[in-house]
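Next comes just one chain, in structure tokens: the form predicted alone.
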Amino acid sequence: MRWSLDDVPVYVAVVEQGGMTGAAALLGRPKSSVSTAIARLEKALGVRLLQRNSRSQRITAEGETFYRHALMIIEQAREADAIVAGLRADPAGRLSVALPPAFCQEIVAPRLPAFRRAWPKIDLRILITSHGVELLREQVDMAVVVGRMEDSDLVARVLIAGALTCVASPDYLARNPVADGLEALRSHIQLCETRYGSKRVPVHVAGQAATLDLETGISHVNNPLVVRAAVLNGAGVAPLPRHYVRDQLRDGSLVEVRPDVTFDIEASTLSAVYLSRRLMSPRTRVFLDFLTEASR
């Protein structure tokens, strides 16, 4: 026996209204009809969704899992209706996104007021985390991730593909000139972001392939803005994504060191990702366009 899609909104109403009576009132249906729909759904699924007696109702663990998927089913149906009806011009509703801390603080946060003014009907929920991919399947609509993406279930749009650049404060360089040679540069690197902490980071020196040890004897931190703050205060030389040091290079508070050393690394790439099997809602589309524009 297969379960019916027609019973899914009934189940969601029962969960959200806290019982059959509230769901029946919301849906404008007899309570007996609601009870029959839930019983039919449970029989088809082969699991108990709700524990109920004459006084109370409690959702089971299986019921909680099915409820989350039921919300996705209803949302997808609404999005399909919106696209077919041509309602792209007025995006609305809840949009959940996962953003890495540095990207949100440096790139997104200063531009959020403009997004709000442009799309006031979007209920934007931002989760600050470095584990956005793990949340995509059930908790968020879109995530921004750092590094190469290889999951075939995901669609990725590259937002920033800028390379790493070595920087230091002018005061540090005045006291500690950096000599030629890769080993000389390495001796000035005191810390770097965790994702670059490898023994053999691929680089080119004046066009010649080489590797740089960014693991041994170096402090590591999982936030590029912390690395930047340390370097601004004299913590030697550090490789940082160029998009996090553009303003500092422009105002002179940081100076580029050894521009002849280029990093052959994709770990600094930032991409917006979402599930390929899901329709892209109008609100997701405008937020993706917002991220693309903000990252330029």
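This structure is a prediction, so every number in the text was calculated from the model and none was measured. Heads up: residue numbers just count along the shown sequence, starting at 1. By rigid core we mean the largest C-alpha set that fits within 1.5 Å across both forms.
Another form, the form predicted together with the DNA, is not on view; read the next lines as being about it.
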{"property": "In the predicted complex, the one of 31, 69, 250, 43 near the DNA [non-hydrogen atom within 4.5 angstroms]", "result": "31"}
{"property": "21, 35 and 57 all contacting the DNA in the predicted complex, non-hydrogen atom within 4.5 Å", "result": "yes"}
{"property": "Stretch in contact in the predicted complex with the DNA, which is absent here, among 45-53, 256-264, 242-250, 60-68 (heavy atoms within 4.5 Å)", "result": "45-53"}
{"property": "Residue 257 C-alpha relocation of at least 2 Å between the shown form and the other one, rigid core basis", "result": "no"}
{"property": "Residue 248 C-alpha shift between the shown form and the other one of 2 Å or more, rigid core reference", "result": "no"}
{"property": "Residue 30 C-alpha shift between the shown form and the other one of 2 Å or more, rigid core reference", "result": "yes"}
